[in-house]
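Just one chain is shown here, as structure tokens, and it is the form predicted alone.
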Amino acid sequence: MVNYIWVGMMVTGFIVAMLTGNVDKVNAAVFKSAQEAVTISLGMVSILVFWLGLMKIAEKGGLLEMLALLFRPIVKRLFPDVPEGHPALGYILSNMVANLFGLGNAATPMGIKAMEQLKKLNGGKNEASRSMITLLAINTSSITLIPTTIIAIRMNYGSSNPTDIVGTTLLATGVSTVFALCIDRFFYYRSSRKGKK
């Protein structure tokens, strides 16, 4: 669906540009944006490599394991349908810790693995289970301590203090996570009550 929306926006833009005689401006904007995208991507490599290196050190030093142990009781309460010791719990914990450090690129593969495991638990059905919905809500709104990607973009654009965004991000993601969980629980209990009637 999203792809259709993008295609519709592009086609509409080109048609309007042709009708108003601004095709040259559209071409210039396309090439300039492509150049900026490459510049931003290359600039982000350094900061991502730095944080991924720190994550590797944290993993080898046992910090991630400690964080996983710290979050385990919370995760067990959030995902009561997942049995103790199931691989999905490990992937969910890794996904949450990676998101905590703002490493969306590292969190995505673990989130996909967690979703695959949860789908197996759901008997391979196409309908999402309670745990799958909860994971999606947490993953989308996840609390972020260090917004690595945003810091990298601010550095690329010459921000005098690129880490100014840390406090705001922590507050925003904290609030969004609390609301996401409240909405998740609200709809779950509402559907449960309807099922009992």
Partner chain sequence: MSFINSFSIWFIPFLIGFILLYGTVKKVSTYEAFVEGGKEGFSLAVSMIPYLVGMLVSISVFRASGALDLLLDFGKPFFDFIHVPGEVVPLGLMRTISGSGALGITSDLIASNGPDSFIGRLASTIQGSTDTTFYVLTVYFGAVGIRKMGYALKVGLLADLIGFIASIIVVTIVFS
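Here the structure is a predicted model, which means the values were calculated and not measured. Here, rigid core means the biggest group of C-alpha atoms that superpose within 1.5 Å across both forms. Residue numbers count along the first chain shown, from 1.
The discussion below concerns the form predicted in complex with its partner chain, not included here.
Interface residue remark: M115 is counted as part of the site for its partner chain in the model of the complex, having a heavy atom within 4.5 Å. In the model of the complex, none of the heavy atoms of E84 sits within 4.5 Å of a heavy atom of its partner chain. Contact check for I146: a non-hydrogen atom falls within 4.5 Å of its partner chain in the model of the complex. When contacts are judged by a 4.5 Å heavy atom cut-off, L70 does not count as touching its partner chain in the model of the complex. Interface residues of 109-129, taken as those with a heavy atom within 4.5 Å of its partner chain in the model of the complex (partner not displayed): G111, I112, K113, M115, E116, K119, K125, N126, E127, A128, in sequence order. Taking the rigid core as fixed, one finds a CA shift for F14 of 2 Å or more between the shown form and the other one. In this overlay on the rigid core, K25 has a C-alpha that sits 2 Å or more away from its partner position between the shown form and the other one.
Once the rigid core is overlaid between the shown form and the other one, G158 counts among the residues whose Cα shifts by 2 Å or more. Relative to the shown form, the Cα atoms of T173 and L70 move apart by 3 Å or more in the model of the complex. Shown here is a form in which the CA atoms of I112 and S41 lie at least 3 Å farther apart than they do in the model of the complex.
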